[in-house]
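Below, in structure tokens: the form predicted alone, a single chain.
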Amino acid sequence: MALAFDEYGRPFIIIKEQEQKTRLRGLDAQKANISAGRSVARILRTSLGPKGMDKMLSSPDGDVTITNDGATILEQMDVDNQIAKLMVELSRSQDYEIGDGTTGVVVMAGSLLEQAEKLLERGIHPIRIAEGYELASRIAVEHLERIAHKFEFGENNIESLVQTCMTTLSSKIVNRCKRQLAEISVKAVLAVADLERKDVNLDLIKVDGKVGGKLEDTELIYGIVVDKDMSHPQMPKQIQDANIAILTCPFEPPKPKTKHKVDIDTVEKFEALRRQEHQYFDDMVQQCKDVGATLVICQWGFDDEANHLLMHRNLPAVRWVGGVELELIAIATGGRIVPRFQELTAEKLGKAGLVREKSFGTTKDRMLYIEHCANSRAVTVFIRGGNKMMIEETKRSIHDALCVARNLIRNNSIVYGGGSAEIACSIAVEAAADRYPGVEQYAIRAFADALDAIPMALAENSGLQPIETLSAVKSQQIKENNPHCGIDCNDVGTTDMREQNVFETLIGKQQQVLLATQVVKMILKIDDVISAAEF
């Protein structure tokens, strides 16, 4: 930037590289932003619903991910545009808060932006559109409260929880086993849930997988699965009523901290050193035996001599177990992690009814199952599948189902799926628009039209005639005053979602409407986009 003067002495500023600075203002800026948001929503639109398509994502280092989970697709996409990044964050916040509905929230935001563009072209001010959207979102959220149903569940009555998890899993690649996976998810959540406080700590549920077998072999283990085996092949493969010592101290003689060199010039001295080391190991093993331990799980390794000694003294051991797994084992068995040998006491041992080593297929892969624990509040969902991608996608699907079960325990209200809730809200918002005399009523009507995007996308992805199907369901809802009519994606023959058992969580739906509205308001308020030159 430079200051210059004209022939009359008036100052003016010369800006360097003026042609490289791009600047969008007013309506152009808003239209550019809207088209960026819509293009992201368009990518996810085809992934919505039980018949939604999957996306294949290839990373720069050649890893391939196949998924139809909205949050995962956007997380792994290379997005440069700042407005598109807002859509990625929108999906991520839905994933963090609710865990499900990540695709729907982006499709809804894209549809709201599309409707806003039409209003901007008519000359309506963006702030008035944003205010109208805010009013409409409140009406929609209140209407969702009215059409929601509460249901009771308990330890023995889990059918309604299972049905809701099945709705979530029906749009995933694993939908052929959705009943089994939904039951596993619900049982896992109930095992770690505190029903009095209505709280669930999902960190206590470990989701693990191993390639091989088929999806139907997926199981729920009331305990912990560790991807390790016994340190010596001749150690017992099954231990009943195990007392487990959980150690984070190395199982070997202490090494001097200083640089040292030991000169051994006679056989006697070497023998004495060997005996000393042997004695040291012997004392350590004896200490474990004295407190009553029948299995040692160690964070660090131990050499072959220690291994041999442990086998001879009949004390099974597992080495190189990770820190997170150690914590889960300690929680499950009720044991304490012991950092120093001197602190090892009988009270700090964990209790497990059965510890067994299980081998898989012909690959000699073995894993350790720690079951029937003293505190069964740590459980493992162990997934099998034909390949790594299948297992990763199943893990993501199980995560969604676990989140849905957790949300239902926190708040047991449900709305019906298949787009029925969106159509009911659209009708309610359309009716409420007449009560507002100002320009906002245009925005409220536009919001009602935007809500129809989700049932429309569901019909489109299921191969039905979108407009025809949507108008038929909408007129049926108005005629029968029945908010449970939705899109019959699976061709069952009825549009009543109660009969099809398609449920969604109320808080998930409300969060979708609120988050999508907030992001769209934010995008509409941007009227100037300045891209600086690249230096």
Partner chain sequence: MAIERILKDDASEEKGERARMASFVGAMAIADLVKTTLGPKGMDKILQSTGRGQTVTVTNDGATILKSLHIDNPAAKVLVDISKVQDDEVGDGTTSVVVLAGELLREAEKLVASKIHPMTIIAGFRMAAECAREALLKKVVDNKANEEKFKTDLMKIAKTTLSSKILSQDKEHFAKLAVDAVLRLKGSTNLESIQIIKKPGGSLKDSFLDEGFILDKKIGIGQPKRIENANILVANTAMDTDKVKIYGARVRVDSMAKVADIEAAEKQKMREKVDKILAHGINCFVNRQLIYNFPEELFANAGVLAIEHADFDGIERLALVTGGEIASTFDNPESVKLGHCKLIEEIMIGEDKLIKFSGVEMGQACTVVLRGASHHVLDEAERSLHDALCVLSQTVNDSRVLFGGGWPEMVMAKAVDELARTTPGKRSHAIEAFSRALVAIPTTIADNAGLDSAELVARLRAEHNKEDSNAGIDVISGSVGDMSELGISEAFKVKQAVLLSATEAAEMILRVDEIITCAPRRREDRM
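If you superpose the two forms and keep the largest set of C-alpha atoms that fall within 1.5 Å, you have the rigid core. Worth saying up front: this structure is predicted, and the values here are computed from it rather than measured. Numbering follows the first chain given and starts at 1.
In what follows, reference is made to the form predicted together with the partner chain, a form of this protein that is not presented.
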Check your understanding: Heavy atoms within 4.5 Å of the partner chain in the predicted complex: which of the stretches 430-438, 79-87, 188-196, 218-226 has them?
Key -> 79-87
Check your understanding: When you measure heavy atoms, are Arg179, Gln299 and Leu344 every one within 4.5 angstroms of the partner chain in the predicted complex?
Key -> no
Review point. Only one of Arg146, Arg122, His312, Arg340 has a non-hydrogen atom within 4.5 angstroms of the partner chain in the predicted complex; which is it?
Key: His312
Review point. Of these, His232, Lys289, Arg92, Lys351, which has a heavy atom no more than 4.5 Å from the partner chain in the predicted complex?
Key: His232
**Study point:** Contact flag, Arg356 vs the partner chain in the predicted complex, heavy atom cut 4.5 Å
**Key:** no
Point to revise | Arg128: touches the partner chain in the predicted complex, heavy atom cutoff 4.5 angstroms | key: no
Practice item. Answer with yes or no whether Lys51 is in contact with the partner chain in the predicted complex, where contact means some heavy atom within 4.5 Å. Key: yes
Check your understanding: Contact between Val324 and the partner chain in the predicted complex at 4.5 Å, heavy atoms?
Key -> no
Check your understanding: Using a 4.5 Å cut-off on heavy atoms, what residues in 42-57 are near the partner chain in the predicted complex?
Key -> Arg42, Ile43, Thr46, Lys51, Gly52, Met53, Asp54, Lys55, Met56, Leu57
Check your understanding: Is there a C-alpha shift of 2 Å or more at Tyr436 between this form and the one not shown once the rigid core is superposed?
Key -> no
Review point. Is there a C-alpha shift of 2 Å or more at Leu310 between this form and the one not shown once the rigid core is superposed?
Key: yes
Review point. After a core superposition, would you say Lys214 shifts its C-alpha by at least 2 Å between this form and the one not shown?
Key: no
